[in-house]
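Shown below, as structure tokens, is a lone chain in the form predicted alone; questions about how it binds or moves come after it.
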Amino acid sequence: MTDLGAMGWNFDNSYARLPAALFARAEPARVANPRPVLLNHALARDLGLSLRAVSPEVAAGVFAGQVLPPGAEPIAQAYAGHQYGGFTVLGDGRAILLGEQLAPAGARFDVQLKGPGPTAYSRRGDGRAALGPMLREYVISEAMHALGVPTTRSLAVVTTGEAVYRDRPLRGAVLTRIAASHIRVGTFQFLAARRDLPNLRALADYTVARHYPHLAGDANPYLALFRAVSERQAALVAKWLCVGFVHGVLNTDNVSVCGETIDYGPCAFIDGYDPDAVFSSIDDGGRYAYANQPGITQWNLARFAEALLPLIDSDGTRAVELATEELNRFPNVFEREWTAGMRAKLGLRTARDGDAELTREFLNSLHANGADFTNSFRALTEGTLPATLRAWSEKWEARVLAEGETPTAARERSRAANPVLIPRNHRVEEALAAAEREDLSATERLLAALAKPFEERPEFADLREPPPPGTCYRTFCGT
């Protein structure tokens, strides 16, 4: 079966109609022997696609960029970014946007190949990807989706039949990533650095129309855009902290203006609760540590504000005043979102003064006792907290009773906010190591477990266990 139209492609590539400064035409490289590894049939259905309309081999050819679906217009997007605080001009060095799929429900989604070869922005890189990091993104992004965290999704992973060379030869692969869009804070920084005001305005207008159409009639739509992006980022980072997620490379080019988690390179989930947890092999100073993520997000948003200043007001001083006022709202918005998320994890029905302090006392107790973050919250739902938390448990019960609830009802409510399973780092690594040996059974089992993270399923009980004491975990970006 080779009729690619039968797959249900419905492209309308609005980004490719923007000014040419924002992208470069691209063509995926030829590869030796594309083969399917993972195909996300459920996500495909949501997009209006049928991956079974063609053979797996033909699907692999599509997702390796060897044959373009009807309506595709491959481009690499330009952007810049502050990476670990230093500004640089970047762009899609190993990613190609095939186009925008219009789903049956009317939503628009980017379809992007990650690892299909060099582009105009590759900066002497090979533009390729290895199997391990692509499977890692697939597993963790799909887990994040199941956990209720806004995220890019993964439609497919295929191997290329060729090696990529890092510190050693690795199996080459391509990931197909799905996003509401790939517009980043760094996209705006790219044009601002060039002082390209007409195209900056065009990008801002496009972003409002695509992601925030209700702002089009605002008296100052660009200030309103900044406010809306800030609020979505505050809500997103609050959700990260509530599930114990550490992004690992929270540069401005990895801040999506639509509020999705993007780029799963050196990310990880905490086991024992530690606000200073860092996993990235290159984050020596802990810039992107677990507890630093709200502050660094506000820093990134300040860079977004700087890019938007000439649009916010023609009077530079006034523009700074307006943007600063909005930026200074971020800590309160984040605190509100984080407290609401943690209140749900504690099973509390109403908002009351002292809830944030009650949460922090619980977290401090976990830290002091080296307790597991995810399992401790789940123990609260099961009524099995250890004796070391007895004093805190009494405060929690008094708080529950004060709103006319019973501890049993509060525990029942909290189960919807406290997962049984997260992508444990050591389990992910075990699955990826087996996949390198062409054994996908551990990856497929992990995906099946993580698809329903809030359900108690005895067959996956081993995946709840944290790693052995003393395990040191480091992540790498895969480039």
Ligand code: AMP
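Heads up: residue numbers just count along the shown sequence, starting at 1. The structure displayed is predicted, hence computed values, not measured ones.
The form predicted together with the named molecule is left out here; the points below concern that form.
For R166, a non-hydrogen atom is located within 4.5 Å of the named molecule in the model of the complex, even though that partner is not displayed.
Contact check for P133: every heavy atom lies farther than 4.5 Å from the named molecule in the model of the complex. For the chain shown alone, R201 is not a contact residue for the named molecule in the model of the complex, no non-hydrogen atom being within 4.5 angstroms. In the model of the complex, the named molecule lies farther than 4.5 Å from every heavy atom of G259. Of the candidate stretches 344-352, 309-317, 87-95, 227-235, only 87-95 contains residues with a heavy atom within 4.5 Å of the named molecule in the model of the complex. Residue in contact with the named molecule in the model of the complex (any heavy atom within 4.5 Å), chosen from Q298, S122, T359, N292: S122. Checked against the named molecule in the model of the complex, the residues E337, D271, D263, E100 give one hit for a heavy atom within 4.5 Å, which is D263. Looking at 239-269, the residues that come within 4.5 Å of the named molecule in the model of the complex, counting any heavy atom, are D253, N254, D263.
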